[in-house]
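Quick heads-up: it's one chain on its own, the form predicted on its own, in structure tokens.
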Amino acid sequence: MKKGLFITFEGADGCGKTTQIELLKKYLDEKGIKNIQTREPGATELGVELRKILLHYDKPVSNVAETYLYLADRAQHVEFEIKPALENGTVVLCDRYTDSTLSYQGYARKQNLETIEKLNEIATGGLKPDLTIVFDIDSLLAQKRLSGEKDRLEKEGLEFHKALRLGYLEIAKKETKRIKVINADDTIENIHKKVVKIVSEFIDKL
């Protein structure tokens, strides 16, 4: 490929997307396709500090402040990690991006969706994913999958996570060309095969 490809992976905590990103990276490595794996929040040095606040700050955080912290992380991430990689012809595999903010801070936190879309546009400079894979799973099952100490957002109640899931599905309905939904209530191997099929077919069309 002469140009880079920007692929994002979305879904609720516990959906298994991080495992699938790692498997896809290994697959692309074996195929000799130049790629990087990154995430939000926390891909840059500034992002690491913002991630600590966003996920582990133990005092009240306003919904608006939370949104702007994610946007600050994204602006830094796009400018110093994602855009340079794409310009270098690299496939970027990103764990969360703008759809996360729409789903978490928009649908689940009930902030204005149009406002968040405009803020995402500003933070990213208009950079949109070429392909997005959403791993859909029952909210209660996703919660049961989580192990270890939960972060701020993982601790939110079941209704929050149900709203989050519906948010992802609503976004997917609006952007069927970009977003592909995979049932995450399956074996790791079966899900990986589906991911590879989607990504391979997309690359072949380029």
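If you're wondering where the values come from, they're calculated on a predicted model, not measured in any experiment. In this text, residue numbers run from 1 along the sequence as written.
If you look for the form predicted together with ligand TMP, you will not find it shown, but the lines that follow are about it.
Trainee: Pick the stretch from 171-179, 136-144, 22-30, 48-56 whose residues have a heavy atom within 4.5 Å of ligand TMP in the predicted complex.
Mentor: Residues of 48-56 come within 4.5 Å of the partner.
Trainee: Looking at the partner-bound form in the predicted complex, is residue 186 within 4.5 Å of ligand TMP by any heavy atom?
Mentor: Outside the cut-off, so no.
Trainee: Might residue 153 be said to contact ligand TMP in the predicted complex, defining contact as any heavy atom within 4.5 Å?
Mentor: So residue 153 counts as contacting ligand TMP.
Trainee: Looking in the predicted complex, any heavy atom of residue 41 within 4.5 Å of ligand TMP?
Mentor: Yes, residue 41 lies within 4.5 Å of ligand TMP in the predicted complex.
Trainee: With the partner left out of view, is residue 132 within 4.5 angstroms of ligand TMP in the predicted complex by any non-hydrogen atom?
Mentor: So residue 132 does not count as contacting ligand TMP.
Trainee: For a quick test of understanding: in the predicted complex, does each of 81, 83 and 124 have a heavy atom within 4.5 Å of ligand TMP?
Mentor: No: no residue has a heavy atom within 4.5 Å of the partner.
Trainee: Can you name the residues of 58-75 that have a non-hydrogen atom within 4.5 angstroms of ligand TMP in the predicted complex?
Mentor: 70, 74, in sequence order.
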